[in-house]
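This document opens with one chain alone, in structure tokens, the form predicted alone.
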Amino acid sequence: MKLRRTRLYVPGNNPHLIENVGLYDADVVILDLEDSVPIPQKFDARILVKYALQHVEFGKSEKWVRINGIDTPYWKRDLEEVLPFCEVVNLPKVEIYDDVEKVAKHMEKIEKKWRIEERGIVPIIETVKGLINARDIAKHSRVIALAWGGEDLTADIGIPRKKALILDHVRAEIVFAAKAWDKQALDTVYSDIRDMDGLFEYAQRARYMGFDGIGVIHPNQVETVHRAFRPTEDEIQKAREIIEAAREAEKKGKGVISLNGRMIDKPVVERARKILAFAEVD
């Protein structure tokens, strides 16, 4: 399982932040060409991001780019410039399956031109319409994970995010949509960069809701989120026992896995692998 506990948003027009992305230890670094970049800076940011993807050290971080939405005149050129050098495209304001398909077709042309392997897409659900269609969106073969945007979605509903009682339902819908198609579910950002206790509780709650990670907007948030997603020692020990039982059953050619007199099925084994991945142990 690829760890995506943290995906750090870095403005695509800020060279000082971009040059140090390899030091932040985020699982994912998203170089942003969308909301954080004013319209007059779109061109310059695109060139800076393209250069950074090729020449800046990202360390262990997966390289994503959030392109501009398909309702803008920028998204095609974004893809043409950065797709050959990033690993995943973060696509904002997705509302229907065809939004992803439209981008995927343009990506295919670029991939063939450059003779590169297929890149994944992570749609961001930011409207009520997108939420309603999330399960259809998540099934696209290019989609590797499903994310959502708290501020935009609550604005679309017409309620303040801090008092939005409906957000647990929203989160559940995102998780169900992603997991129905065996994709990762990624929670939205925690915007108070000074409140580390609140961030820890938020991230840990996200983990137990079924999310595989959350967005972060400051490098100082990364370590706290990783700690929140780390399983307890008891969870790690039980996961190790399950994996060991599965290995023993495989060695002996047994189709049935048992541990302490209980039958263990495939989903339990997969959950154990995920726990050990979160714990960053074998």
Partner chain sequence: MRVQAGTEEKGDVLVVIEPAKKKEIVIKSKVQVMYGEAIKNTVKEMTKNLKKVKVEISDKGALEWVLRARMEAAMRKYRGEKE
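Residue numbers count along the first chain shown, from 1. All values reported here derive from a predicted model rather than from experimental measurement.
Not pictured, yet referred to below: the form predicted together with its partner chain.
Student: Exactly one residue in D44, E235, E248, D35 has a non-hydrogen atom within 4.5 Å of its partner chain in the model of the complex; which is it?
Tutor: The residue in contact is D44.
Student: Among 209-217, 50-58, 237-245, 224-232, which stretch has residues whose heavy atoms lie within 4.5 Å of its partner chain in the model of the complex?
Tutor: Only one stretch passes the 4.5 Å heavy-atom test: 50-58.
Student: Evaluate G22 for contact with its partner chain in the model of the complex, applying a 4.5 angstroms cut-off between non-hydrogen atoms, and reply yes or no.
Tutor: Output for G22 is no: heavy atoms all beyond 4.5 Å of its partner chain.
Student: Using the partner position in the model of the complex, report whether E81 sits within 4.5 Å of its partner chain, counting heavy atoms only.
Tutor: E81 belongs to the contact set for its partner chain.
Student: Can any non-hydrogen atom of H16 be found within 4.5 angstroms of its partner chain in the model of the complex?
Tutor: Although its partner chain is absent here, H16 would touch it in the model of the complex, with heavy atoms inside 4.5 Å.
Student: Is R77 close to its partner chain in the model of the complex, meaning a heavy atom pair under 4.5 Å apart or at it?
Tutor: Yes, R77 is a contact residue.
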